[in-house]
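Quick setup: one chain, the form predicted on its own, written in structure tokens, and binding and motion questions come after.
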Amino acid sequence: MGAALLFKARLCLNVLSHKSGIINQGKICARTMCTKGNKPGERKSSPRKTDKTIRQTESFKVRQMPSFPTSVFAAGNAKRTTELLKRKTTLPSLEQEDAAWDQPRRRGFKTDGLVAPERPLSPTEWKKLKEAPCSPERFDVHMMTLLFKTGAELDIAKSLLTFVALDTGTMSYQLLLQYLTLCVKGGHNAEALDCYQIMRGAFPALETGASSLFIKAFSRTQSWREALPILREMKKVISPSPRNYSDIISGALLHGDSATAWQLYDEVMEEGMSPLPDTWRALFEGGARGGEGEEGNFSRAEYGERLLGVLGYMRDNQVYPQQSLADAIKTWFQSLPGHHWRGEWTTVTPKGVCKCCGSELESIQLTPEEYQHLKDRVMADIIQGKDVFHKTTPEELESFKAFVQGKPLFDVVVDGLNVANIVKGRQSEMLLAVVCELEQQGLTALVLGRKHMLRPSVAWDRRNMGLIQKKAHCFFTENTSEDDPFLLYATLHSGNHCRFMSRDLMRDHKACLPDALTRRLFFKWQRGHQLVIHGTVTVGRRVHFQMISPYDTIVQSTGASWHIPYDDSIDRSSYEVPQSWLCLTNKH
């Protein structure tokens, strides 16, 4: 903003503020139905497994498709499945229609009867637009918003401010806020700082939106320290966002003040917030530059230790860095003096061996200590959690526990309704095919269902259901009960070898767990134990299951090497894991 405009704005606001102060701002039955007991005509339960039997069973392998990667947790799988379903319908895609409407119309963009000009206008031209019949109330704010949305040149916005100052003698908070947004988004930092002087002089306080924009603008300049008092003022009213901290951390590192950067990073962690990827990237880029600068900064060794702590946080919280952050991590390792780190982009084999260095990655299987910790937490927070009896009754849950404890340890627990509903209209046929496959593989299976499945119908054929109850242990809950707690209890009770079959991704149950470590262990256990059917199921043919990855997709190190899974795809859903890796090896 030019000096003349700045002077006019201050003059108008001061005069007006002195004159008139215009600038303002029911009970369920617990009886359940169990099968595969000792009733006449049914197969008797096999004796409870001894320790020797358990050890033999723990090494069982469910027959899986060898193709890779087809896991339900592989990055991009959800999008591929969605696209496949879309191709099966001739209906137009709502997402495509929405995207078409969302395309920016830079030239002649209209809203509320307004048209964004393509060049700066004189006060006379602006006055004509304002007095047009279609002009809305608060013309100046609507027009400035339109200029921002269309990405208009800054000079056009300046000409609008000049007109408003001359026409009304004042500029409202909302108008200046929209102008500030346009300046900051466009990288016009000098104009944004001029706007700060105007708003500070005209208004008693700034709301969080304006404060956040000023923090971003100051952090890009030599005056980055001016953002610190703005941050402190925000903390008196509201907790600043990770973005606010990230902007100042980036500014501090860019200007050589690593001590202040790490102090702010520690504040983020103490507040229980998750740092932004931009924050981590700035820290690693600062480390690659040496991490030193002003007096009082960390030594290079101390800075390096802090960065290793960041990698530990990524491991503990299942963080997958994006490509840009992975690049910064790679550059930092390769910049370390006295070392010979070499970074390569790679993938791993289906057996979990790095294709670059040949190292074997960590197993997906939990250690005995990890398994016991997870089992205890799931039992306490999910099976016996505060809301469990919204999904079942105490009597039904106790009945199920007694049922499971009286049976042999299971190899596979099947969510019967979930699996059967893969094929609508012939659910019992689908479920029977899966149970037959498990029996053919010599596995002890438990099928969880609901009582309505025992009422003969087209979907639930009496003969099919009878065969299922002969080939597998079955437990049928009340129709209103949720079966996930039963599935988790039976699977964890049977031991680390037991797997479960369901299309449910268990995200709600994972969210019930109290801390990051337990949630990470749950996701690790889930990826190593969940069976999902591969392809279609045809009567009389074998049923195949998607491959379970034998390795853990997590930041990991052996000391002489680091393997960091990174996110190089926009197609990855939150529950999926990347397939690309950064391999770092130290060549002595």
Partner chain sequence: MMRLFSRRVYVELWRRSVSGTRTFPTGHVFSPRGFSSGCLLRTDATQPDHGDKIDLDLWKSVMRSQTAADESLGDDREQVKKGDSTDSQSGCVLVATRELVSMWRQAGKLVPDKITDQDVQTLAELSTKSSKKKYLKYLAIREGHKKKDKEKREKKRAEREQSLAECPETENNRPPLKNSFLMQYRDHWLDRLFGWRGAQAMRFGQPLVFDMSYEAHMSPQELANSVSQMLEVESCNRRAHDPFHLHFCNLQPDGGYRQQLVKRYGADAWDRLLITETPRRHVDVFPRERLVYLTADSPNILRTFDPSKVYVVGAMVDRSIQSGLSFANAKRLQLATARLPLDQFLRWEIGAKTLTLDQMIRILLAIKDTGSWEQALAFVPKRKHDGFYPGTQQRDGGSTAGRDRGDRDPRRDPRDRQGSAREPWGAGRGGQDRGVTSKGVGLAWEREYKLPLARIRPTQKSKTEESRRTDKTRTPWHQQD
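Numbering follows the first chain given and starts at 1. Rigid core (definition): largest C-alpha set, two forms, superposition within 1.5 Å. Bear in mind the structure is a predicted one, so any value in this text is a computation, not a measurement.
There is also a form predicted in complex with the partner chain; it is not shown, and the following applies to it.
- No residue of the trio P242, A282 and Q334 has any heavy atom within 4.5 Å of the partner chain in the predicted bound form.
- By the criterion of a heavy atom within 4.5 Å, L397 is excluded from the residues contacting the partner chain in the predicted bound form.
- Although the partner is absent here, E125 is a contact residue: one of its heavy atoms lies within 4.5 angstroms of the partner chain in the predicted bound form.
- Among residues of the shown chain, G466 is not one whose heavy atoms approach the partner chain to within 4.5 Å in the predicted bound form.
- Under a 4.5 angstroms non-hydrogen atom cutoff, the partner chain in the predicted bound form lacks I248 among its neighbouring residues.
- The stretch that touches the partner chain in the predicted bound form, counting heavy atoms within 4.5 Å, is 159 to 167, out of 427 to 435, 321 to 329, 251 to 259, 159 to 167.
- Here is the short version: of A511, V237, C134, A402, the single residue with a heavy atom within 4.5 Å of the partner chain in the predicted bound form is V237.
- Exactly one listed residue, out of N496, T518, T393, T145, brings a non-hydrogen atom to within 4.5 Å of the partner chain in the predicted bound form: T393.
- Along 171 to 189, a non-hydrogen atom within 4.5 Å of the partner chain in the predicted bound form is carried by M171, Y173, Q174, L176, L177, Y179, in order along the sequence.
- Relative to the superposed rigid core, E305 undergoes a CA displacement smaller than 2 Å between this form and the one not shown.
- Core-superposed comparison between this form and the one not shown: the Cα of L397 travels 2 Å or more.
- In a rigid-core overlay of the protein, K330 has its C-alpha displaced by under 2 Å between this form and the one not shown.
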